[in-house]
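Here's a solo chain for you in C-alpha cells, the form predicted alone.
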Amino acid sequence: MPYHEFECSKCIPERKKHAVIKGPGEDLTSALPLGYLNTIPGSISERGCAYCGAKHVIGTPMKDVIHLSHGPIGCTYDTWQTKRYISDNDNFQIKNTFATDMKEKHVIFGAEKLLKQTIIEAFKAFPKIKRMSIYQTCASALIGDDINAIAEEVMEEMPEVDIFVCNSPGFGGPSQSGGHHKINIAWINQKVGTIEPEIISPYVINYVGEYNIQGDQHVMMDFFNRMGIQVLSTFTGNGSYDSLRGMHRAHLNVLECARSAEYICNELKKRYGIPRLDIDAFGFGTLAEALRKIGMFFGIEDRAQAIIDEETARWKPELDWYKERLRGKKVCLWPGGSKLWHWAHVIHDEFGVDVVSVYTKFGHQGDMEKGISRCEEGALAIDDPNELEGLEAMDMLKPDIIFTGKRPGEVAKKVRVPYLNAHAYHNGPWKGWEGWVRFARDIYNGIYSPIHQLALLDISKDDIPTDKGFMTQRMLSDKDLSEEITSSTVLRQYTGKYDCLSELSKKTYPGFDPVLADAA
C-alpha cells in the first residue's frame, strides 16, 4: 500500500493511512485511504458539521421557504452569498437568513418560547411565505428543546402554514454527510405523500441531488422539457416545498449527487416502488449518456438523441479550442465529495488536463473508490486533509490550478496557485454542453491570466523583468501550439452570453402529451 505520510503530520501518525499515491496497476484494494471517520484530534479539519450538511447543502436550496436555525447566530454563517443556490423567486432563500439567536440565558432556562416567538415573527415579516424549515443546532439539541412540539403548536394556531423540522445538530455525524442522511430521512418521513401533485405527462421524474448552483437546474430543466418530461420536483435546487411533498407520484428518480441524496431515492424505492437511475450531467459524453438512459427508460430515445446532436454540433468546436490549450496542465481536484468522481475522468478526457491529486473532506469510502479508479496513476488521494497538508501537497505537485472550496482556495492563492470554486463555481452554470464550455473557459482564464503571471514573481528576491511588454492570454496559451491549431477556422472561444439563463426563462415548449393523472 503506497501510503503517503505528510511531513507536517508526522506528529499525528494516524494520518498516514488517510493519504495514498495511486501506483501502476493497483486496484482499489491497495490504493484506498481510510475515509469517513471522525477527524483525528490535533488535525484541524476543513469539514463542515452535520447541521451544515442538512441546512446549507440540502435544505436551503428550497426556494419558497423560511429556513430557520434554532441556535446561536453564528450557526447561520454560509448562507447569503457564500452558497449560490439561485432560484426563480428572486432568490428569496439566499437573500434572507433566519435564526433564533440563542444566548447563554436560553441555554440555561430553555429556548422554546424564543423559538415560537421567532417562528411567528418570521411568518408575519414575510406574509407571502407559508412554509418553514427549522434546523436544530448543537445548542438547542443539548438542552433538549422540543422543536417538533413547538412546530405543531404553531401549525394549529396558524393552519395556513406548514413546518418541517430537521433534527440534525452539528454533532450528529463525523461530517456534513451525516446531515445529508438525516434530512433525507426526515423529509420522506414527515412530508412526502402529504399532497397530491398534478400529473401532466406520461413521463414524470423527480430530479434528485441537484442544488441549482448558479442555474444548473435551469439548464437541465430545459433538456427535460424538450424531451416532454415532467419534473415533478427537484430535490432541492429551485425546488418548491409543496412539490417536494408530492415526490411519491413520480415514475422515476433521476439521481445526480449520490453522496447527498441517494438515501431518499432508496426510501422512495422501498415505500413507493419508484426506480432509481444514477446520472452524471457534467461533460459532453456523460451528459449525452445520461439523457439517453432517461430516454430509454421512457422509450423516447429519439428525443434525447435530437438534443445531443444539436448541442454537440453547437458547442464541440468551442470545447476543443480550450482542450488544445489546457492539454497536459496539472489539476488538483479537491472538492467536498461527489465531484471528485463526477469530474476526475471527464476533465481528463474532455479538457486534456492531468488530475494529479484528489481529495474529499466528507465523502465515504465509495466516493474515494470511484474517484481513485477514474484518475491517473501517480495521483495523490487524501481523505479529510487539513490546511498544512494541502500546502505541502501543492508544493510537492506544483499544480497549474486547483478546483476546491473558498477556504482552501484562498490559501492556494497565497502560494500563487489559482483556483476555481468547485462548490459554488466562478462563472456558472457548468452543467449542459454550454456550461461545460464555460467551465473550460474559467479554467483557461485562471491558468493564463496575465495578472497571475505577476504573482509568480517574488519581488523580495526576483529581478523584475523590464523587457516584457503587453501580454494577453492568447500570447501565453498559444506560444507552443501549431499554426494549424492557432489559425483554425473551426475551433473558437466561447461565444455564449455572460448571462446564459435569461434566454431559458423566455423559452416555450410544446405541450406535454396528455395523460390522466390517475392513469400515470
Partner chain sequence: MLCEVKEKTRTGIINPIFTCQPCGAQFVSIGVKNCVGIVHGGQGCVMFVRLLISQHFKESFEIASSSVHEDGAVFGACSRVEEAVDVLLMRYPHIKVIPIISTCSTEIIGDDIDGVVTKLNAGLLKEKYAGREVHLIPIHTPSFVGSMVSGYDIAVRDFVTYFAKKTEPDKKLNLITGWVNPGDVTALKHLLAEMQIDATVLFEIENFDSPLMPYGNFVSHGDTTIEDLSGTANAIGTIALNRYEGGKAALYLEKEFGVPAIVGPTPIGIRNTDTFLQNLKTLTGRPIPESLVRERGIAIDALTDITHMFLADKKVAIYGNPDLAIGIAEFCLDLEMRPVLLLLGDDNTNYQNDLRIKAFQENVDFPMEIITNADLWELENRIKNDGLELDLILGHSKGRFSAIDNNIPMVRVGFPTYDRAGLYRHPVVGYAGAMWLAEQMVNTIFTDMEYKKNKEWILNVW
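Numbering follows the first chain given and starts at 1. What you see is a predicted model; the values in this text were computed from it and never measured.
The next section is about a form of this same protein that is not shown, the form predicted in complex with the partner chain.
- If you check the partner chain in the model of the complex, you find a heavy atom from every one of Ser45, Gly74 and Ile143 within 4.5 Å.
- Shown alone, this chain has one stretch from 348-356, 387-395, 194-202, 282-290 that lies within 4.5 Å of the partner chain in the model of the complex by heavy atoms: 387-395.
- In the model of the complex, at least one heavy atom of Val411 sits within 4.5 Å of a heavy atom of the partner chain.
- Taking the partner from the other structure, the partner chain in the model of the complex has no heavy atom within 4.5 Å of any heavy atom of Ala31.
- For Asn38, a non-hydrogen atom is located within 4.5 Å of the partner chain in the model of the complex, even though that partner is not displayed.
- Contact check for Phe109: every heavy atom lies farther than 4.5 Å from the partner chain in the model of the complex.
- Just one of Asn206, Ser133, Thr100, Ser260 comes within 4.5 Å of the partner chain in the model of the complex, counting any heavy atom, and that one is Thr100.
- The partner is absent here, but in the model of the complex a heavy atom of Ala139, alone among Val219, Ala422, Ile188, Ala139, sits within 4.5 Å of the partner chain.
- Scanning 166-186 for heavy atoms within 4.5 Å of the partner chain in the model of the complex gives Phe171, Gly172, Gly173, Pro174, Ser175, Gln176, Lys182 in sequence order.
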